[in-house]
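In structure tokens, the next block holds one chain alone, the form predicted alone.
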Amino acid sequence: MRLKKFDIINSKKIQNFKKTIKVDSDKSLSIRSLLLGSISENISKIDNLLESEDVFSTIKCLKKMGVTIKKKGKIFYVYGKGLGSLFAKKGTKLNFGNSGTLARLLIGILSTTPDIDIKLSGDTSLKKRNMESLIKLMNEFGATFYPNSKRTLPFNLRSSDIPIGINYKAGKSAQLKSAVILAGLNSFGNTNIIEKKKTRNHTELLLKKNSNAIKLRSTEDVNNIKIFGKKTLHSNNMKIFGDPSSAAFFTALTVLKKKSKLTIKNVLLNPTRIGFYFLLKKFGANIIFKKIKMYNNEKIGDIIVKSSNLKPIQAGSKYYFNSTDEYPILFIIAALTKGKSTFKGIEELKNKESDRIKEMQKIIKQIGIRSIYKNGDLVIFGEKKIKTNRVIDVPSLGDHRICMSALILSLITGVKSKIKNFETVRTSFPSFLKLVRYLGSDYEIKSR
């Protein structure tokens, strides 16, 4: 079912606010919980699963592979088929929608699942994303993809008859790392992963109770992940908490808005996901974490944000690993902070739902902010005062984070915005507009 298309038009500044909110559940954990539940034994229970389009795409794909998933009250029950037991008839088509996470992780699972020969596709945005790195990794496990020269969806996947574990030096992508972990689970022998730059680790933490299947060893400089293939996986009971990447948009709004304060309750505070907050604090943001607790190996807590006087942001390449999703809203913050902000090592942002570097440069240029991108680094020459007789015009990109970032920019400055296909935000953050309204915005929805 296709989302009903609509645009957002805004022309007013948001008023000062002092509020408490909850953001939607974490998308990364929601998708991973469903995928791991499907290949585990018995029934996994997931409380507070994110009910967004990307998660619904995950459920639809798993059901096509023979997995039973039921919802009772707020709990989703995943009836696990066991490792290597997903199945679909030859030629079955799986549509990943807008979700790169689902695409990469499920391809990881299916590449080492016996007798898989299926067609894979996605929406217009996902079809533009280069899958070459993923294809090469799954080729190492013995999987094949055809047509042979195709590096973007749609393409076909034929799984390996005798998958063998591999050795992998992880890079910037947590999704590729997770794909290798999931492929290794049903391979013969062991899969060894060395990770020198630590990326989000939800897959490892969800698997941690299966000590027969995974061994984690970490030092200050490196993570070593060993996957023992062909081991039974136990069911998992999970509760999903607030998405820190979703909370980032309201954090930015509060930091930039004078005389405002916001408490965001029960947010996932996994250290590999909160680089955005530490980066802002380093350059003057008034942000604190409170009521911190642990749940299923994950850290949870409240985020309290107050209006702040920021200095220009200097983000070295290390921040990319734990702030990947937050860069579009970081660019907005930099644009409205006087001085030269620099973001290094961000070249992989060009292969997201859109080319996020180029598209965000276009947006801030529309309000008179100059920027320069060269060799993986972006410099933004921010200004506190901008001319408001302009228009922020965002075309149909299929990129939820760019849509949300553009609206935050409009709410802070009062510059009129016309943001097309805003329905794409429902892929990750269905309650975003409702929360914006709760904080005092008076945007207009225009159906298409």
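Computed from a predicted structure; not experimentally measured. All residue numbers are counted from 1 along the displayed sequence.
The form predicted together with a small molecule is left out here; the points below concern that form.
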property	result
Lys172, heavy atom within 4.5 angstroms of the small molecule in the model of the complex	yes
Partner contact for Lys257 in the model of the complex: the small molecule, 4.5 angstroms, heavy atom	no
Contact of Glu204 with the small molecule in the model of the complex (heavy atom, 4.5 Å)	no
4.5 angstroms heavy atom contact with the small molecule in the model of the complex for Tyr277	no
Listed residue (Tyr168, Tyr320, Phe145, Phe250) with a non-hydrogen atom within 4.5 angstroms of the small molecule in the model of the complex	Tyr320
Selected contact from Asp123, Glu359, Glu195, Asp325, since only one has a non-hydrogen atom within 4.5 angstroms of the small molecule in the model of the complex	Asp325
Region of this chain that lies against the small molecule in the model of the complex, out of 38-46, 25-33, 65-73, 405-413 [heavy atom, 4.5 Å]	25-33
